Every structure is written in structure tokens, then in C-alpha cells.
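Consider the single chain below, provided in C-alpha cells and representing the form predicted alone.
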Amino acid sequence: MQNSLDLFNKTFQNKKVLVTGDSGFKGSWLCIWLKELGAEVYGYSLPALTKKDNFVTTDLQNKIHHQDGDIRDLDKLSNYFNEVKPDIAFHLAAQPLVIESYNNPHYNFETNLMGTVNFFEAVRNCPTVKVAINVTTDKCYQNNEWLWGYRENDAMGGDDPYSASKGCSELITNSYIKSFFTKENTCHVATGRAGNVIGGGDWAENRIIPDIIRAFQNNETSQIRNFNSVRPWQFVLEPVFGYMKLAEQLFHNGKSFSGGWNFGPSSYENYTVGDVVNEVKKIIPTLKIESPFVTEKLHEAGLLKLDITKAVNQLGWKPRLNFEETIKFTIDGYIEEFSILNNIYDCRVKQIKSYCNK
């Protein structure tokens, strides 16, 4: 392990850390970083969706302890917690896509609401867990299309099923904190709210960067909607760094760090979907893009920003990459996957080191 990787005062070294959703995009990156810090990493999730997913290409299943399981299965999840006896738990297992929430709202709500309940039931009944973090999203806020960023004490909400489910997940977390985790000898609990997270290893449908890369690989024209929508774009390691800093502070300083925390770009880093496309084109000039005419659009927020003042001032966290670096790190991660000669796990570790040294 390189010292440059440890920005957390050896908090995770020799700790048992359980990550739900370890086969997912952010979960797999989190597990890689934790493993490189000397943590004993345990994962619980459904199998990866495709052979291209980060969990598969990095061969993470053979590098950490992994249990296939559905977050909706309370008994199986609770048994796994009690078998592992983790010190720290991160909850990332979720239905993560806005459009998919329209296609299957029942599964979306069942997974994102009852999955949260099941996670905290497992935590509540496993006395070894000292820190538990529920990873949600910037879309948990009731979005009024404000020009300023949402703060942690702004109202939860959401018009589309995904956003509503994440607002509910935050309310569930707050309820568990107030009902079960207020005494000092109980687990320290918080939530992490991040923006539009991008990076190598994400191959989900209906996400701008994966859609662009898929089209490029197939020599097709990428169909991009909502060119003028502003999003808090982040390279995947930015929020992962935030979740880990939050876990560090909870572990050492307790309940004063409970509650919700925003992790997003700096307030002046406001960029549209069109800006992302233009930046990607600088790296892949042959990219072919068009914006289809859509007569009926599903609701998606046009403007969404986070206020990160709390995390910057209290956690010792701040974004390390500007917009151009965010896109460069992201596209480099995909390009590394194009060659069968690359060891993708080593490539990910190299990016983590580069990020830590920024």
C-alpha cells in the first residue's frame, strides 16, 4: 500500500468494512480503494449486470469477500452482517436510474425504500457496527430549479419515482437516527448525497457517458437529450472520497457528524450536458452526436446544484478535480478498457493514486 492512497489517518486499515452494492459502479470503486488501504472488505449485492461492469473487469469478486444477495431479502442481509461482524458499513445497493424508475416504479420503490429499511435493521441488530453511511443522491431534494445550491437542511422531495424514492430513503435514515441511534453506545449514522457521478466502469443504460462510449465503439451516432440541462458532474472518486472522509469523522468523533452531507463540484463549476459533450469531443474528435426531437419527455430536472459548504468546512473534504480533469479522468478510464492487455484493477488503482496526489 502506498502512503499517497491513505487520506484517512489509517481509519480503514485492518477494519472489517461491509459494502452493499459492491457490484455497482460507485460500490466497486469504493471497495478497490478500501482494499488498497488494508481494509478487510465484504460485499453484498446482486450480480453485475454486464461483463463490462467495473466489478467484473477488475475481477473484484476474487479480491474481496463477496456475497450474492438482494437488498430486499432482510433475513439474508441480516445473517450476512452477523456473520461478518463489520466495523463500518456503506449502503450503496439501489435502483439508480431515473428512466428505469418510470419503467418499473414498484421495483424502484421496493428496492430504494425497503432496501434502506433492511440495511438499518441489519445495522441495528449487529452490535459491532460503529459507523453506517447511506449513500443517496442530490435528487433527494425537492427541486425548485433554483439558481443556488441545495443545502443539507432543505426539504426532501422528488417528482419522478427515482427522486421520490431517494427523498424517502433520507427520511427513513433520519427516522432510524432519531429512533434508534441517538445514544452514545449506538452506531453513528449519516447520509452522503452526490451529484451526477461519472467514471470508467459505468456501463448503465441511459447515462450520458456510457451511451456516448457505446456509440463510439459501435461507430454509431450518439443520441443526446437535454443539451442545456445543468448537472453537478463529478468523477467517481470525488464522492467516494467524501463518503470515506465522513466515515473517518464518524468513527473518531461520533454523532456530531451524523445526518446528511452534500458532495458535489465547486459552486463555480456549473456545466451543461452540451459542455460535457464538447469536452469529450476534445479527447475523441471523431465522436458523432445528435439531439433527437422528442415530442413527450419524461420529467427530469433541468437545473440541480448542491451547496458543499458543510463538507468543505467540517469534513476536510473538497473537490480535487476541475471540470476538464473530471472528463479527462473519466474518458481515460474507458479508453483503458479498450485494450485486452491492460489489467483494469491496476489501472483503477493508478487512477486512485493520481487522484490522491492532485
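Everything numeric here is computed off the predicted structure, so don't read it as measured data. Residue numbers run from 1 along the displayed sequence.
Quick note: we don't show the form predicted together with a small molecule, though the next part is all about it.
Contact between Y162 and the small molecule in the predicted complex is found at the 4.5 Å heavy atom cutoff.
Using a 4.5 angstroms threshold between heavy atoms, V312 stays clear of the small molecule in the predicted complex. Using a 4.5 angstroms limit between non-hydrogen atoms, F251 is distant from the small molecule in the predicted complex.
Proximity of I289 to the small molecule in the predicted complex: non-hydrogen atoms within 4.5 Å are absent; the residue sits far from the partner. Between 252-260, 276-284, 68-76, 82-90, the stretch whose residues reach within 4.5 angstroms of the small molecule in the predicted complex through a non-hydrogen atom is 68-76.
Checking I208, C126, A190, V197 for any heavy atom within 4.5 Å of the small molecule in the predicted complex turns up a single hit: V197. T136 is the sole member of T136, N118, S101, N143 with a non-hydrogen atom within 4.5 Å of the small molecule in the predicted complex. When contacts are defined as a non-hydrogen atom within 4.5 Å, none of E238, M244 and W317 contacts the small molecule in the predicted complex.
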